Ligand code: NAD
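Okay, here we've got a single chain as structure tokens, the form predicted on its own, with questions on binding and movement later.
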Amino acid sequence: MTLLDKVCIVTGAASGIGNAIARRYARDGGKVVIADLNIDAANAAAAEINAAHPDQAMAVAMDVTSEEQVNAGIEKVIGAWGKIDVLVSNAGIQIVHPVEDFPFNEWKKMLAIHLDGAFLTTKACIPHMYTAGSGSIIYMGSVHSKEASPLKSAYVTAKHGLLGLSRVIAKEGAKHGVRSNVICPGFVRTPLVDKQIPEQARDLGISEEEVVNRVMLGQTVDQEFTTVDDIAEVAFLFAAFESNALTGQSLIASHGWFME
């Protein structure tokens, strides 16, 4: 399996899981697009990859909730590299509240970034994949695509929704050679997770240590966080897999936090 000379767009790739995926793809010879809301951070991430792998990374500014920005970013990629082989819809945020206290505007923001973003980037990329007769679309789900936790109504709803979108894309894309998958990480120690620790401690009335050891890692088999590199390897597997055997499937990487 290889991504040599494949053009791979990763949203939210200036940092965290998305950045690890972009670096993994570049290491295998893929051309990676760092699509991020923060263009300065995206440029810096692309420069870092190009220092190790010359001419294999570019940055585009992209608010995944804006159809105009998504379409402009995709057209920039087509203008530069002429094709799109892989889309990783990774951009996401976390907001936690009990349902009765969840502000509607924050609910809508969560669903817009996770679901609208996945839809808009897919819609923009998939015609180019259909023309080429091949492609891989990967959505960043979560163990919360399969399970639920208190305070995360919007996040759980969005991550469950990605499973449905992926399955439809797998059905529609099959005759065009396009595959679709969902990666479902457990708790990965990123700034997104670090931000949740004091928030959940406050809302659940427990210590930050209890949030980490009981809420986040209590159901793992080894009390270990999943790493960004763990998820990058799963993303490589799905992107480089050479047949439709895995299309429509999701894969949980959670140190046993959730099993099926």
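Sequential numbering from 1, following the sequence displayed. Quantities reported herein were computed from a predicted structural model and do not represent experimental measurements.
Absent from the display: the form predicted together with this ligand. The rest refers to it.
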Contact at Leu120, Gly161 and Ala235 by this ligand in the predicted complex, all three, heavy atom at most 4.5 Å: no
Which of 164-172, 182-190, 79-87, 122-130 lines the interface with this ligand in the predicted complex (heavy atom within 4.5 Å): 182-190
4.5 Å heavy atom contact, Val212 and this ligand in the predicted complex: no
Distance check, Asp28 to this ligand in the predicted complex, heavy atom within 4.5 Å: no
Non-hydrogen atom contact Ser15 with this ligand in the predicted complex at 4.5 angstroms: yes
Exercise: Gly92 in contact with this ligand in the predicted complex, heavy atom 4.5 Å: yes
Contacting member of Asn50, Ser207, Gln223, Asn38, with respect to this ligand in the predicted complex [4.5 Å, heavy atom]: Asn38
Answer option from Met140, Val178, Ala154, Ile74, heavy atom within 4.5 Å of this ligand in the predicted complex: Met140
Contact set, 95-126 vs this ligand in the predicted complex - heavy atom within 4.5 angstroms: Ile113, His114
